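One chain comes next, on its own, written as structure tokens: the form predicted on its own.
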């Protein structure tokens, strides 16, 4: 046995943990993961870090690796057939060129992947869509999670990312934690919050559930779901009314405060109490605690972004930090803590319909001309379609010339992860041509006309961006098995076959092309990442003395052209869908600590799969359970206006009466059968965190158990799993 250890960056959440992969090079298998002393994780790992690599050994528990290209030769009614790469690439290129010629470039949509391929592949995907296809119809999963953070922060402070670094959290004097449960989303960040508490930090937790953070908070504002903006406006009202503002900071570094004040006038704590259900005095206490520190940090997650007013709540959080002068120093500012391992990086790479790499606007003529010269083509000046609007342009648009006809889905599983799953299935079924580029079979691959098998994390080189803007290297650990290619090679081959040649000898060559086009990233070279372990952007100079930027807005200078932050005041509006007699409960989606995204990775890791399996759980208040005569572990139906799913009942005091919570990675307990497709009108992010549902008792539990097992078996068989083998047992 020949053993080596490879240092790399974890493939799960965006904490950016450094891990050592112990590899048996003779067997070409990973044996274990070790925690390394990285900037953010300091020799610690979570469950997924320690045990989440097993899918690379392809145990075929849940689904299996795709080992050969596959196509449907005779349309959607024909089966997928394995073919050689030359045929698959030509098949994809010919169909995309045909659709482009018949309907125009804007008839084609592409996604990038935030779940493993790295920044280089993200850069190439948007380059392919823009330079080869000729459209700005490129997006990725940030649209369904933190697009509101990008839009809100850019509008307010000019930069759509965390303004501080993860290590700074533990030195905060106050942590204002809203809609974010670090213990399940980012356990390594949660460790920093606990350390801050141990050092005397005051914690304000705003969440409808009693989360792990709420349990250690000095004050927990347990608001009604969907009322975030009313509450943050009320906190702003108190800070203004009690003169807890920093007038010098406001005067020197911001604009729009007087107009903002007028909007906040009516949001007294008593007014907000009627909306949020939070006692007025608790609102006042929270405002005083937050404003009383010069090192106050605001951390948020999807508990504020996945609402119809997600952008406005992000802007409201920025307002609180600006009015109290909590920007521009260590351990201050705002922290939209990004979820997936490279969702920050995929935004950085320009996989957005309105921005090139480095957050440069596609509508800016000078910027567009720079990319045209670099790529040797004319580029569209039209902002592209967000991926959450794909159903609209397939199912609702009547003009064929305005419809979307082709969808290149790279490393995503919209059938499982997008809201209103029935609508997504109808959309993919109707489209002329669907391409899936991925390493595992998924719920979406069943709708593919072509499947292009790619390498996974640990099988290729690249760079990830952590949630706090840290570029870090991802290194190859094992050799890929089967007839697969790297994502960069696949994208380059398709582009070349379509008539726009792309070829690169290494990931570093791609990286260097990108940083030379992006002033914020220019100094973040591979050499520096090797030397320092990582580089936080912005990093403008390639000089080795420029190590990047730990925190943003130093001295109160914001990222707008005039250096001023902008106060934006917005009136509170109710959620899209209210409870009613038939659907008396509100549903919110949440994360689970042991699983990740659509579960194709963690579901194929033996240790993590053994922690929890189908059909998941619905968290309910014990009073609601008693009314329905439900017991823990019983299978129940959960139903909304859009669909139904079966899951297990979990009574818990963590949730308020009238509210239920589910995680989205399960196939049987698929809560996205229930969620609504209505969007934040600015970011086009779905309102995953609120819809009306009901829970019904199933009298015949034996039948329900058989139903779960039969459905689970059928889905895995569709994925090619041989359930007669040990690895595929239920």
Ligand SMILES: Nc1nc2c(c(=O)[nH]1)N[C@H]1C(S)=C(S)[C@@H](COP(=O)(O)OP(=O)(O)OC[C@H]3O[C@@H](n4cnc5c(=O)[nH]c(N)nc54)[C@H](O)[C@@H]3O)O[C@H]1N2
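Numbering follows the first chain given and starts at 1. These figures come from a predicted structure and were not determined experimentally.
From this point on, the text means the form predicted together with the named molecule, which you will not see here.
Among 457, 433, 572, 558, the residue placing a heavy atom within 4.5 Å of the named molecule in the predicted complex is 457. Checking 523, 411, 534, 616 for any heavy atom within 4.5 Å of the named molecule in the predicted complex turns up a single hit: 411. Using a 4.5 angstroms limit between non-hydrogen atoms, residue 586 is distant from the named molecule in the predicted complex. The named molecule is not drawn, but in the predicted complex it has no heavy atom within 4.5 Å of residue 71.
In the predicted complex, the named molecule lies within 4.5 Å of some heavy atom of residue 671. In the predicted complex, the named molecule sits within 4.5 Å of a heavy atom of residue 48. Of the candidate stretches 622-630, 496-504, 606-614, 339-347, only 339-347 has residues with heavy atoms within 4.5 Å of the named molecule in the predicted complex.
Within 4.5 Å of the named molecule in the predicted complex, a heavy atom is found for all three of 13, 117 and 688. Shown without its partner, the chain has 141, 144, 145 in segment 132-159 as residues with a non-hydrogen atom within 4.5 angstroms of the named molecule in the predicted complex.
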